[in-house]
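Given as structure tokens, the chain that follows is alone and in the form predicted on its own.
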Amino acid sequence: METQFIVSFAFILATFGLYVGIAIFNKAKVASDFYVAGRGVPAIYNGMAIGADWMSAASFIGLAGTVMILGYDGLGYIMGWTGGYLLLTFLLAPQLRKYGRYTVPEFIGDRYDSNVARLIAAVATIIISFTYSIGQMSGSGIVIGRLLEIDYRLGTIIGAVLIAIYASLGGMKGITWTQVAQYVVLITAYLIPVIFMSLQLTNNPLPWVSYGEVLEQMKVLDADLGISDYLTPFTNGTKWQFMALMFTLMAGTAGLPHVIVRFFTVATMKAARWSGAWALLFIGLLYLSAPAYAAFSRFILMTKVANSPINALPEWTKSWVDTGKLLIADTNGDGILQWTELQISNDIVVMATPEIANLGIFVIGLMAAGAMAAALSTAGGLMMAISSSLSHDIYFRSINPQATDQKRLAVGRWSIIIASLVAGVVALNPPGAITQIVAWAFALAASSFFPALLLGVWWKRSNAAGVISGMLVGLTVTLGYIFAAKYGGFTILGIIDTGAGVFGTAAALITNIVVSLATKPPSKKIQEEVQDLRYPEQMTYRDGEVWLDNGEDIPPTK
């Protein structure tokens, strides 16, 4: 048995044992533990959990590879995701926390006083989270397939089973603390290789500073090979596609149910804001490293693999060729691997980099554990979002309001198990690359939840008819555009399927506003509740005035 296999397997086994142990120790015993971790998570730890929830397999495995393949155009993913996170932290999260519900569909149902709106939101949560989870399952399959040297599809099934066990044990309480541990593992695994590569290539341990030097050298290499400059913008799409993708990711980020619900696990609005601040720091460590990762990996491939004899390629290439994620073809028959004869999937760039840069067996093992942590942490959050919609928003709020906590917990756990296994089966033949699948999920969130939440928090005139029409129109437009662009070649201004959210969001906002204005306004109570969201928790808006809370009945004084 190879030493590399033993080391990598030991890393993954040890970390997975840690996650299961934490989930068992923090097993949910009541409904509030299962849905919102008892609302007692400290801000700094919630920030770490948000970071782990956020940094999915798409971020960990696919982001640097996407930037490497697309060059400048790949930066749209980084700018969109980061911008959307700021939008969520400062525009929506504290207000949603003050409203005090368990789930996003529950907020929509109560804010708009409509069971139909809550059910549509619950179904949309399931569709979005399920689409997103396919990418995570696929990512876990790549990691397990490479580690065990088996087909990645078998690795996907193994990953789905592992996620089902881990996520169903602790509910949100268990998931929160396992995500804290997963953040530590994944960020350590992500930073060590890029720091080592920076030292190898530039003698500078700070990749965020040194990779500009490598970019200058790549300009020369690109010119020698006669290929497009790595930094030239819009070589893989129009500028409209770049902007549409960025907007879709930004608005989608602010509407993702599994991320928003993390802000429900803290005690106050202030803690929600601090959670966002901490999360921004933790997420920034990875996102600022991805462009350096991409540049270093591309430079090493161009200088140490391309133009080498095909029968003398590094040993690591064989393992990745076996997974089907690396394609090598001697198209001109000269026995030399040209740069254009090398096709590397963007989904394996980060995973293969420790081997490409010859960083040693422990770094490779740590990278495998980090990738698994990223896939598991986000998949756990997504399965939790699906489970909450099924067991709380649909089962408890609509079918059996008298259900006991134990009955609700059982429905929630079985929902996680079934959703994990179904997502794993669909991920056996994913309809696109990880980042592409994730972009679809963001487009659906952007066109359904973002307009509903934005107007729900900041426009008291928005009503039930408006939000129902808006969500249905937004989802229809987005799904229609994705299918038309992906399978029919239809585009507007060169905007492809990953930018579909810009059309769906615009349609949903316009529909919500027009229908709301054309129909009866919400009740005075609901309009005052919306107005109240703009004030700190120590203040209450009622009867046209702001009241201070002195710890007794609200509102006691002006």
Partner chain sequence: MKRIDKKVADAYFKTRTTLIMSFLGIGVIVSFGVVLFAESLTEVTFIGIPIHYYMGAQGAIVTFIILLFLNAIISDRIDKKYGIDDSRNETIGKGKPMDH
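Remember, predicted model here, so these are calculated numbers, not experimental data. Positions refer to the first chain, counted from 1.
Just so it is clear, the following notes concern the form predicted in complex with its partner chain, a form of the same protein that is not shown.
K.L.:
Is every one of V20, F107 and Y166 within 4.5 Å of its partner chain in the predicted bound form, counting heavy atoms?
P.N.:
Negative, none of the three is within 4.5 Å.
K.L.:
Only one of L280, L191, V425, A410 comes within 4.5 Å of its partner chain in the predicted bound form by heavy atoms, so just point that one out.
P.N.:
Flagged contact: L280.
K.L.:
Consider the chain as shown here, without its partner, and state which of F130, W177, F196, Y230 has a heavy atom within 4.5 Å of its partner chain in the predicted bound form.
P.N.:
Only one option qualifies, and that one is Y230.
K.L.:
Picking from 88-96, 308-316, 253-261, 478-486, which part of the chain touches its partner chain in the predicted bound form when contact means heavy atoms within 4.5 Å?
P.N.:
Contact criterion met by 88-96 only.
K.L.:
Is G360 close to its partner chain in the predicted bound form, meaning a heavy atom pair under 4.5 Å apart or at it?
P.N.:
Contact with its partner chain, no.
K.L.:
So, M55 and its partner chain: in the predicted bound form, are they within 4.5 Å at any heavy atom pair?
P.N.:
No.
K.L.:
Please determine whether L75 contacts its partner chain in the predicted bound form, using a 4.5 Å cut-off between heavy atoms.
P.N.:
The answer is yes: L75 has a heavy atom within 4.5 Å of its partner chain.
K.L.:
Closest heavy atom of W547 to its partner chain in the predicted bound form, within 4.5 Å or not?
P.N.:
The answer is yes: W547 has a heavy atom within 4.5 Å of its partner chain.
K.L.:
Going through 442-459 from first to last, which residues have a non-hydrogen atom within 4.5 Å of its partner chain in the predicted bound form?
P.N.:
Only a single residue, W458, comes within 4.5 Å of the partner.
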